[in-house]
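Let's start with one chain on its own, the form predicted alone, as structure tokens.
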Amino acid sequence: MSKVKISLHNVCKAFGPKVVLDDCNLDIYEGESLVILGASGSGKSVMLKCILGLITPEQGSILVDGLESVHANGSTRVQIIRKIGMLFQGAALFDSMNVADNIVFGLKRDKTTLMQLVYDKLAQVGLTKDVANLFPSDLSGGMQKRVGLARAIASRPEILFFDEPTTGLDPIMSDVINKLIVSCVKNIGATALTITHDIASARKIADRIAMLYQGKIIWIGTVKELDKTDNPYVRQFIQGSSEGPIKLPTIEES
């Protein structure tokens, strides 16, 4: 068994009376691609933000390579952040920067080396060199996602986070992005954590899949085990059924 790369232990996070993470426990192993499934509002993004240190849980421990992320600051926070690359849900490119500057944002190397890095990363995500001089407004949604992925892998991070990577894309482009994620993760040997509600994407990119419901990981297993599970919550979710044990949010909760 590979070593644990990221570990969440009894993590709790609430916003006022609404409990989002409730004694949440999860281990993510080095080199694996783990997908977190869950309905909108289930706490997937909150979990990601807690690992990144953007949100502080009220209780629990989050270890990244043995470093405690909760309340980390200074050099420890920098150590953790430098390990991570992220593809945001909306790509989150800087509108005022061209593609090249977006990809190498935050990296410090000489200009020639940076441009070669840009071309290499564009090639990895299936884009040509001429895209480097374009601006985000010149790109389609799928191209923006590819550039966002190029930026995420530019520093060869040990950990990659993907936040709803196929949201807003048509099925064909979604499949393109899924295949790029698999190839890029494999190429740099990263540990990957993806949050999504897209079952098709999960099947494509996951080594293991976990389901988050009411603040807890209620099931975890391989893609093959997903198809065979008799867990009623997982079955309802993957079948997309409105009938089952999963409670639909009320108007007040949504």
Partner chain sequence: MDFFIRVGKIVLRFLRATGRLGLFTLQAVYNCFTPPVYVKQMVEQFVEIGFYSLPVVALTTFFSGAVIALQTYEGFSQFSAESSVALVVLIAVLRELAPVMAGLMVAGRIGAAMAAEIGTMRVTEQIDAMITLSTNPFKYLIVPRIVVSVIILPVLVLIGDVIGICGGYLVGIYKLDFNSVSYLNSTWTNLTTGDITTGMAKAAVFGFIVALLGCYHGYNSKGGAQGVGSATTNAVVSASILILISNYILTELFFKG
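Numbering follows the first chain given and starts at 1. Throughout, rigid core stands for the largest set of C-alpha atoms superposing within 1.5 Å between the two forms. Source: prediction; values computed, not measured.
What comes next is about the form predicted in complex with its partner chain, which does not appear here.
K.L.:
Using the partner position in the model of the complex, report whether K145 sits within 4.5 Å of its partner chain, counting heavy atoms only.
P.N.:
Outside the cut-off, so no.
K.L.:
Is D130 close to its partner chain in the model of the complex, meaning a heavy atom pair under 4.5 Å apart or at it?
P.N.:
Close contact is absent here: in the model of the complex, D130 is far from its partner chain, nothing within 4.5 Å, heavy atoms only.
K.L.:
Answer for I81 alone: is it within 4.5 Å of its partner chain in the model of the complex, judged on heavy atom distances?
P.N.:
Yes.
K.L.:
Quick check on L52: any heavy atom within 4.5 Å of its partner chain in the model of the complex?
P.N.:
Yes, L52 is a contact residue.
K.L.:
Tell me, which of D95, D170, D138, D110 has a heavy atom within 4.5 angstroms of its partner chain in the model of the complex?
P.N.:
Comparing distances to its partner chain in the model of the complex, the residue within 4.5 Å is D95.
K.L.:
Which residue, L117, L134, M86, V176, is the contact with its partner chain in the model of the complex, using a 4.5 Å heavy atom cutoff?
P.N.:
Partner contact (heavy atom, 4.5 Å) among the options: M86.
K.L.:
Which one, 179-187, 117-125, 67-75, 99-107, holds residues whose non-hydrogen atoms are within 4.5 Å of its partner chain in the model of the complex?
P.N.:
In short, 99-107.
K.L.:
My question is whether T76 is one of the residues whose C-alpha shifts by 2 Å or more between the shown form and the other one, given a fit on the rigid core.
P.N.:
No, shifts by less than 2 Å.
K.L.:
For N178, state whether the C-alpha moves by 2 Å or more between the shown form and the other one after rigid core superposition.
P.N.:
No, N178 moves less than 2 Å.
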